[in-house]
Ligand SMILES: Nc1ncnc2c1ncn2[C@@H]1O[C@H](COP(=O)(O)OP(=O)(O)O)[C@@H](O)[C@H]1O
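This document starts with one chain, in the form predicted alone, laid out as structure tokens.
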Amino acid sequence: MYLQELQLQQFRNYPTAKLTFGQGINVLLGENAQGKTNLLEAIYVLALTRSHRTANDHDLVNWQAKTAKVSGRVVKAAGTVPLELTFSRQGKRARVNHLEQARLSQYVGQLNVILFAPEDLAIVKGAPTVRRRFMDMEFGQMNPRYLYNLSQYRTLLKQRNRYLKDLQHKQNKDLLFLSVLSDQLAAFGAEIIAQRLAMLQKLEHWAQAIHGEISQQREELTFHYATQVADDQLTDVPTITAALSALYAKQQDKELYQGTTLVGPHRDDLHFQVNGKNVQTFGSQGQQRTTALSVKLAEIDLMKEETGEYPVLLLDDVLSELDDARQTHLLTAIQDKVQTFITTTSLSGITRQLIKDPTIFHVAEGTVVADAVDSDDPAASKED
């Protein structure tokens, strides 16, 4: 899978743009605050219908316009697929093969992307909500059923939390409807937990091999999914459902007092361990970065395993955050494997040596110009 073409209309600082990309490594070269990250964001949005930088879709629309459009052509094993997203005050519309999709869940998965940015180091050392979002975004791309269960769960969770708050103000509390909501939430929550466990087991397999290579086999990376459901109950969906239902009953008084749901996958976490120690708490900065890099690279292989296609890789200024050894491993791992987009202010030293035949785009003030000069030509280093 690769993105052949990208077109923008009134997206961020791009009034209009039309770009054709190479199947290998595409370098977006330019100074800071010129629009490099906006281009990566556009590709991310084209894949997932939402930005990784803002929760407000209107932020994506050029301040001088009322609507924005992102479209592209994705080449897959089965053929070329045109994609289109339009953002306006009325919401967003998604089209696949020029046909409007009734639900965004029908659209997601047409283009699979993996984003790695400096803030993705927070996957390791950030708050639990970062790791939950990581699981939901990545697993949702690979598995439409996961995306469906997650959507249903979130709808029910909002409804249950609203009802818990309503009950706080009532003298005579009708707990029958709360019980119905709890049963429904437990059913979808159990599906999500079971799917997370299955996907994490596969992701751990790929990440362990990569982490072992980077650490020269001195370290072993393992995952632990942290949930309130007991380990011996994480066997199958019916058992997890029963366990969640029992936890809701046990926590009912506390939930009524606090007016919120205290149990379920929206409260779970993912722990990374290096040689048996929690790397979030006890790992060095180097171990944390190696773990984040291993997990991100492992996603590439997992996505290929789950969908049959390699994803598109987006590297947003991440090379500047990695030392030479980790840069070398990253660039060697992706060479001739996945279409990659790299934003950088300079193609310096090790980067230029390791990237073979890149397609280079110069980005300045919302304009993009493709570089026709071969990367081995000294003249190509004028931005360094």
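A quick note: this is a predicted structure, and the numbers were derived from the prediction, not measured. Residue numbers here begin at 1 and follow the sequence given.
In what follows, reference is made to the form predicted in complex with the named molecule, a form of this protein that is not presented.
Chemist: Within 4.5 Å, heavy atoms only: does residue 337 come near the named molecule in the predicted complex?
Modeler: So residue 337 does not count as contacting the named molecule.
Chemist: Verify the contact flag for residue 13: yes if a non-hydrogen atom of it lies within 4.5 Å of a non-hydrogen atom of the named molecule in the predicted complex, no if not.
Modeler: Looking in the predicted complex, residue contacts with the named molecule include residue 13, since a heavy atom lies within 4.5 Å.
Chemist: Can any non-hydrogen atom of residue 31 be found within 4.5 angstroms of the named molecule in the predicted complex?
Modeler: The answer is yes: residue 31 has a heavy atom within 4.5 Å of the named molecule.
Chemist: My question is simply whether residue 346 lines the interface with the named molecule in the predicted complex - judged by any non-hydrogen atom within 4.5 Å.
Modeler: Contact with the named molecule, no.
Chemist: Would you kindly say which of 48, 355, 319, 61 lies with a heavy atom within 4.5 Å of the named molecule in the predicted complex?
Modeler: By the 4.5 Å heavy-atom cutoff, the listed residue in contact is 61.
Chemist: Quick one: name the residues from 34-56 with any non-hydrogen atom within 4.5 angstroms of the named molecule in the predicted complex.
Modeler: Those in contact are 34, 35, 36, 37, 38, 53.
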